[in-house]
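Next comes just one chain, in structure tokens: the form predicted on its own.
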Amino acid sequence: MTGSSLATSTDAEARRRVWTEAGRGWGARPKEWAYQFEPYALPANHLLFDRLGVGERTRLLDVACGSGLAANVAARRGASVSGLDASDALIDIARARTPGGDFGVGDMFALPFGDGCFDVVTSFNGIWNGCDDALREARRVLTDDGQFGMTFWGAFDRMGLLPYFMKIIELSPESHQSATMVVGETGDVVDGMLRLTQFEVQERGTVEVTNEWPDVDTAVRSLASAGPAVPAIEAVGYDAFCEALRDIITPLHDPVTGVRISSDLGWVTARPT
């Protein structure tokens, strides 16, 4: 094995480990994520599908599809949907939500689909800074006249969940702190990532999304279900992590309207070059 091929093999193995770890994290509390957290993204789902013209006969793949909420929205528009995720627990929910869809556990860096299979490929907060190979795979499975769309966290000053992410960074082992911060940098580098992977940016913007829960306990359980929380939970314990979140969320609770936290997601659409 040559030096370059050894490096490629090592990189691929590292990506697989990260992807497997992501599946373990996001699948740790799948029902809480699917039913109490994931619906926050619905405004982004609808906006991006509008921009991409998703409708009858669209062949759509959602990468890092989680529990399949976005794919379900697309299916209700008439699209033929497929989804791939690292978590088998979340894929089980995706299959239950959309029985007519094609959902499976797989690697977004090595999509199990042939070239040019899809008219549209999307990823909602699933492809981040450094995931260029996932974009190359998205390009490969798109038709030449297909479209790609993705979302990512917006500006920090428009991120109501920022204190939550800062608490995760504070409580996580040092080895995971930088990874969480890199995620937040995606909006700054996404145009360059797309150019390097043979895409041309078409449109870009922001959309406001809102997490809403009836009470503090529900909010805390929901926030603890997101994948980035897992390293912090493993470091300090679930109960201690939830108590730390409670200190953040309690001041945001309104006895009449519950807990509402708004943030901006960035979005971008692109076509193959």
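Predicted model only: the values in this text are computed from it and were never measured. Heads up: residue numbers just count along the shown sequence, starting at 1.
Omitted here: the form predicted in complex with a small molecule. The next part is about that form.
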Stretch from 188 to 196, 155 to 163, 100 to 108, 140 to 148 whose residues place a heavy atom within 4.5 Å of the small molecule in the model of the complex = 100 to 108
query = According to a 4.5 angstroms non-hydrogen atom cut-off, is Leu171 in contact with the small molecule in the model of the complex?
reply = no
inquiry  = I'd like to check something about Leu84: if you look in the model of the complex, is any of its heavy atoms closer than or equal to 4.5 Å to a heavy atom of the small molecule?
reply    = yes
task = May I ask you to check whether Ser80 falls inside a 4.5 Å heavy atom distance of the small molecule in the model of the complex?
result = no
message = Is it the case that Leu135, even though its partner is missing from this view, gets within 4.5 Å of the small molecule in the model of the complex, heavy atoms only?
response = no
note = Interface check vs the small molecule in the model of the complex: of Trp213, Phe241, Phe49, Trp33, the one with a heavy atom inside 4.5 Å is Trp33
task = Quick one: from Ala229, Ala64, Ala219, Leu61, grab the residue that has a heavy atom within 4.5 Å of the small molecule in the model of the complex.
result = Ala64
